[in-house]
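Only one chain is shown below, in structure tokens, and it's the form predicted alone.
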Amino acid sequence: MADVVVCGAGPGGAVTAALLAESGHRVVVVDGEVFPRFHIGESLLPLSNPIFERLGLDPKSLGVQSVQKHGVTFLSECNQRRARIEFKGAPGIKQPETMQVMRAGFDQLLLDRAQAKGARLIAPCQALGVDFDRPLPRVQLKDSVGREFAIDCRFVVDATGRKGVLARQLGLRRMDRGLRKAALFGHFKGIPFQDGRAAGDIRIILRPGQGWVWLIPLPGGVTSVGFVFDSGEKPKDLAESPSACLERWMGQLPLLQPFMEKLEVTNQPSWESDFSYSTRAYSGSNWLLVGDAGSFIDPVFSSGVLLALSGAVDAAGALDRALGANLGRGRGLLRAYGSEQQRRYRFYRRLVLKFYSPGFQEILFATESWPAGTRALVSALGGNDRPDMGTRLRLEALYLIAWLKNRSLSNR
């Protein structure tokens, strides 16, 4: 018997477990994998820093290998246009320095913190589903040798990421038809970082009408390279291996062409398709979805890890209060949690949809024309999903300008 069973030991699950265990609750974490393990999504945002501090971690180092990140660099596909913005000075961002991390070490650090605070880990152990036709939820599990067993609990947290064990069982997942994207990515050595404070920037290469490319500098001179494009483009390249396809695409970019002969592959390239999705609900009377188990948005603005961390803080707070409340109030707390996650998802989804418009991309290359508007945009890019009124109005003005630019471009 546990107060809470957390299915999934990634950032969302680990932070939920750590905060609940710190409050004295009996928490069990189960995961089908053995940590550390490879995971994509290496770029963090400044609004993660207060969460790290709450966990007792130094946001400047985290105790893992990292590359300090001060901002974002946008580049045109032909490498002739460039714009760089820093998080420093943006509204709502008090600690602008963040970092790029290898997720294996980062995720292990958060899981270790959960265990240190008292959470019990069972891994490798696969969550098969949850039986709700009982007085208490019963989580059905299978261990590494195939033995099936179960744990009863008061609340279940699905933090199983794209697997979405509970989300799929309950039929909650909805693919995002407006963001039917796929990605091809890998890790390489031999791509130089930028100089000075820009060395740790994520570089985003815009490919109008085709998608975009990420270049993320990682510890040890490694660069994460990924191409994001419409899912419809993928089938014509299926006959080609992921490695051959990615290297061919990289060789077509002027920025990377000089380095192709000396590239060293450090992690084999792979595909990820149709990765943007939402959910009909983030919570029920005795369950919650956290992080990617609930929703995932196109990673152009690196919001994935922050959404998981922020959702974990919200989930832990709601569950902590619900565990000490009567049934009616507990359900209300979980409904409020779900409403907050829906609001946060809509905020970032709108920002991502704007990014794909030509007018918005033109704004990215003209950030010096309206410094106050740029600071509002940077606030959102840094993870501030609850901007003050002035920042919100400036962001809305930028969206309007982008819309007007789109109309102008379409009339040419």
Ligand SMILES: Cc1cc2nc3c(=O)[nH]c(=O)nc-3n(C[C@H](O)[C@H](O)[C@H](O)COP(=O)(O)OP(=O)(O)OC[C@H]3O[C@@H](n4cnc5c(N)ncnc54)[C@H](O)[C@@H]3O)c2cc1C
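Bear in mind the structure is a predicted one, so any value in this text is a computation, not a measurement. Residue positions are given as counts along the sequence shown, with the first one as 1.
Keep in mind that the form predicted in complex with the named molecule is not shown, yet the notes after this line are about it.
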item	value
The named molecule in the predicted bound form reached by all of 32, 37 and 275, non-hydrogen atom within 4.5 Å	yes
The single option of 229, 287, 185, 74 touching the named molecule in the predicted bound form, heavy atom within 4.5 Å	185
283, 98, 303, 341 - the one with a heavy atom within 4.5 Å of the named molecule in the predicted bound form	303
The named molecule in the predicted bound form: contacting segment from 191-199, 240-248, 120-128, 149-157, heavy atom within 4.5 Å	120-128
Close approach of residue 373 to the named molecule in the predicted bound form, 4.5 Å, heavy atom	no
4.5 Å heavy atom contact, residue 359 and the named molecule in the predicted bound form	no
Exercise: residue 43 in contact with the named molecule in the predicted bound form, heavy atom 4.5 Å	yes
4.5 Å heavy atom contact, residue 330 and the named molecule in the predicted bound form	no
Contact set, 1-29 vs the named molecule in the predicted bound form - heavy atom within 4.5 angstroms	8, 9, 10, 11, 12, 13
